[in-house]
Structures are given as C-alpha cells and as structure tokens.
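Two forms, one protein chain; structure tokens for each follow separately as structure 1 and structure 2.
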Structure 1
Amino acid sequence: MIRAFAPLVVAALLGGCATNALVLLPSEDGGQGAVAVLDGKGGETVVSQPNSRTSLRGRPTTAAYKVKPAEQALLDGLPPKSARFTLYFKEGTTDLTPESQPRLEELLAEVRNRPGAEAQVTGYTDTLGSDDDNDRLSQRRAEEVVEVLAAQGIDTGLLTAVGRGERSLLVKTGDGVREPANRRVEVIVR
C-alpha cells in the first residue's frame, strides 16, 4: 500500500506499470513531498528523496534516478499548472480599478493560450453594505469577468461565476469597513 503526503509529484510505476517501483519527482515549484510505503505488517518506509526510484519488491530500496527521455515526454505532456489572477474593483461597483486593467490583459492572454481552458471566477466585497447587497455585488463582479472571458470565445460551459460577498476577506476587518483589497475577483484558470 502506498500512502502519499501532499505536496508531491509522483510518477509511480512509469512505463505502464511494468515494474514494482515508484519514482518520486520534485513538484512543479521545485518542492518535494513524500510517499509512505506500507508493507501490510505494520512496517512503513517513507520515500522523500526527489529524483529517486524505489523498488517495491520485498523490502523497499531507494536509489537516485534520472528520468528517461520517454518518461520526460510523458511528463511534458501533462497539463500546465493552474494560473491564478486577482482583479480589484472600485467601491460599490463592477468597475475594475485602473491598476487591475493590466492584470485583466494577463488573464485574457492566459486563457487564449490554453485551448479548452476552464475558469472559476469568485467575487468578493469589503464589509461596507449589507450582507445581501454584498452577495449580489460580488456575484455581479464575477459575472462581469465571465462575460469578458466569454467574449474571447471561451465556451461558457467552462466558466463558473460565484459571489461570496464579504465572506473570506483578504484583509480581516470589522463590519462596515472600506477595504480595497477585499473588493476583488479571484480567477483560477486550468
């Protein structure tokens, strides 16, 4: 049994599961995780060395490993890492701040470069105004961004817009506080 701890990137049994081995690779950001191999008798071997191959026949043994060209080709074919964008809005409106316009252009470029991309758009507000008004405003902000993305030709079935109002404040404040950092939309493109 193999138990994995996030974050990690594991290419287990590369090559179509032809061997009883696992290869532990560094994550996309260069970090590493670990894999616990349980023997079913209460024993456990933790594999945490990146760029290593662990044989799972008998007692696990780990050695340094260099990815083969065919394996690298498989890894290169994996989808790109999700991209995240945050856009900020003027108080009480669905108008982007001037500082967010370049970020919107970056978002659009990202979407254009990812055929079949899907985007999750979540709107937020600061704590000024009622909960109901903030829920509506955050939803409208998210929908406005979705409309901009849809205008780029993205299938609307791949876009979601959700308003979270003043929940999940980026900067914690009391009620009735103007906070520009909380008037935002977060977009995850994958």
Structure 2
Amino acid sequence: MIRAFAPLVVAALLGGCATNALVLLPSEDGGQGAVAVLDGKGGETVVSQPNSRTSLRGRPTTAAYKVKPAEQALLDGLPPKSARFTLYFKEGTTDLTPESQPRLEELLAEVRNRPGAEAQVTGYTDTLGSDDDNDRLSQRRAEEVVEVLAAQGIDTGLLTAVGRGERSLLVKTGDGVREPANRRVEVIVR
C-alpha cells in the first residue's frame, strides 16, 4: 500500500508546481461563470466561486486563491476579445452611408493592430425587393467591405464574405419594407 503511494509523493515533491488544478476567475464582463468537474458517472461538482483554486486530483476541493505571477502572465497572454463593427448602406446599393465612413476607418485600424487578424464579414439587406436580389445585394455589400480592406493592404486570405440577404433583420419588419438599419454589413474582427 505504501509502495503504491510512493511514486505519487515523489512526483509531487519533484514537480514543484506540477499540480492538477482549476483556477476559476471572474469573467471579463465581471459576471460569474462556472466549471463543472464531471465524475464520468453522471455526477458533478460545480465550481462557481471566482478567484478560487480547485484541486483536480481525487475529490475536488475548492479554496479562495490569488493568481501567481506565472498564471497572471498566462492570462495576459490571452488574445483580446473580438471586436464588432456594423456598417450601413444606401438603399439598393453597395455605397456606405456617410455616417458609416468613420466606422470603416475604425475597422481598418482594428484589423491593422491585431497580429494574425481575421475578419468575418456578413452582408444583409432590408426586405424591399425579391429574396434572390437581396441575397446577391448582401453578398456584394460584404465583398465591397472585403475589397476596401484588401485595398488597404490587408491580407484577403484572412477575410471571409458571406451574404445573408433579408435573413436576420436587425429591425423586424414585414416584407417589402424600407429599413435603413437592416441595410448593413456586420464585421467580426478576431
């Protein structure tokens, strides 16, 4: 029995920081999250105390905890949260509204400032006109934004353009309704 435990003890002594643990932090928006330790038989221990450390060897036990410098360095190494931009277009066109021009500049700056940036570009329309026309128009709007980014020297291999037509209206309307808020391109920069 003692012999069986010996390697574990040695590993713990030699390993120093070689531990098996979960460190739970407050979520970025300050809200509370949770991680469940699953026992594989349908049972679980839910850890929801922020700034806590839970041992993952044997029965999970949780205690209040302050992160060590190495852990803080790891947290600081996380990529920044994705940024979202919405650009609006003039009716039936791929021309940006004047109000959206400064937003486009902000988008360009964001893409330039992120190492290994990628942008997911999705176009939408309002419900005026046929579904087919709107699918095409939304695709052209998305491609227009991708072209502007490409013209600024941003690698288009890192961009995707998708048109979703009148699906996912920002402002819910019936069919055949002019709605400036729905004539848009949404860009997620990661």
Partner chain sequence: MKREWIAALCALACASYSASAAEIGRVKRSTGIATIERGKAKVPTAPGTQLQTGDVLVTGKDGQIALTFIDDTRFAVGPNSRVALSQFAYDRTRQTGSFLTDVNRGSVAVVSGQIAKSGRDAMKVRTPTALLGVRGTRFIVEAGK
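Between two forms, the rigid core is the largest collection of C-alphas that superpose within 1.5 Å. Remember, predicted model here, so these are calculated numbers, not experimental data. Every residue number counts along structure 1's sequence, beginning with 1.
- The form predicted on its own appears here as structure 1; structure 2 is the other form of the chain.
- Core-superposed comparison between structure 1 and structure 2: the CA of residue 56 exceeds or equals a 2 Å shift.
- Taking the rigid core as fixed, one finds a CA shift for residue 38 of 2 Å or more between structure 1 and structure 2.
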